[in-house]
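Shown next as structure tokens: one chain only, the form predicted alone.
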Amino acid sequence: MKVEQPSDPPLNSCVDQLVVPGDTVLDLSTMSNQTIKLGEGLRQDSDKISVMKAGKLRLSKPNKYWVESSHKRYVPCVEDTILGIVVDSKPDNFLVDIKGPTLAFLPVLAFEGGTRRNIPKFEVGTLLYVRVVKANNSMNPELSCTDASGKAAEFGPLKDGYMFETSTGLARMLLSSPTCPVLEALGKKLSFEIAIGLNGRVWVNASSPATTVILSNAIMKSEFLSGTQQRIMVEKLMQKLQ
């Protein structure tokens, strides 16, 4: 008697579903001419993509997958964009708090056109929008203030404004595509700048303290609300502003 083994579920069928360590979400041997990128919570074992931590499987189109779970402490992953706080400076590196297990290094030359003649000067406490370029368990993470092509893009110091901390799950929700309902609703009512770090830090800059309070309160309250609930909550907060 031949017993058929259950096949692994297609990856797309698992998206937005709860997964737990040990779950196999994809068999690469069934794919041809397709490239996928693995983020936090997933690993490759031969032809199998398996789950390393409990959470929801997420997809950032076209092809990046990760497991989203809500944590206070951040685990760095290469290519994450995060908000870091300068805590010290050395001849070759800035030491940066990224809300992770260890401090990260930001080389003094990791800036667009960086040379020994134009090393930036950052005071302790400076908030930076940076990209993770190296991350593993045996060394401190390394950061950069450039994109993959060496351009500054949006990276660098964030001046003025207000920074607050969230869970990593909320940060990923805010960065999801299409635009998160709470940010979409706020954007229709208010004018502001925002930078969101996957390490659970959010920076907002608005024209008045009252607007900044509305923004931060709306974002913090949105984590466990549905899209409709987020829009209703923004409407109620806006009524208080008037």
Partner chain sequence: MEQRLANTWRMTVNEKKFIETALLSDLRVDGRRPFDYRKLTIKFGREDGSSEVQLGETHVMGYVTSQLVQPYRDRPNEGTLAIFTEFSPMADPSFEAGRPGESAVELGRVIDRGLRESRAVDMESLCVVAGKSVWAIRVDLHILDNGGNLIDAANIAALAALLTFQRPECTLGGENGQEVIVHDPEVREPLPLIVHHLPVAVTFAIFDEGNIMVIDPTYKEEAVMGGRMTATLNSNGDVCAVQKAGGEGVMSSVIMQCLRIASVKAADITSKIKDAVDAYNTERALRKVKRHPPSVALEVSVPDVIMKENQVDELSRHRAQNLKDEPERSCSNDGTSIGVEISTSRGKNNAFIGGPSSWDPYSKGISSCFIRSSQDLPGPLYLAKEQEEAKISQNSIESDPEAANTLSSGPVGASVASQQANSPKSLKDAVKPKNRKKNKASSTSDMS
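All of these numbers come straight from a predicted model, not from anything done at the bench. Numbering follows the first chain given and starts at 1.
Although not depicted, the form predicted in complex with its partner chain is the subject of the following passage.
Using a 4.5 Å cut-off to its partner chain in the model of the complex, not one of Y129, F155 and I219 places a heavy atom inside that distance. With the partner left out here, its partner chain still marks one of 146-154, 92-100, 74-82, 167-175 in the model of the complex; by a 4.5 Å heavy atom cut-off that stretch is 92-100. Mapping the unseen interface onto this chain, V213 counts among the residues with a heavy atom inside 4.5 Å of its partner chain in the model of the complex. Using a 4.5 Å cutoff between non-hydrogen atoms, M163 counts as a contact of its partner chain in the model of the complex. Contact between W203 and its partner chain in the model of the complex is found at the 4.5 Å heavy atom cutoff. Its partner chain is not shown here, but in the model of the complex it comes within 4.5 Å of a heavy atom of P209.
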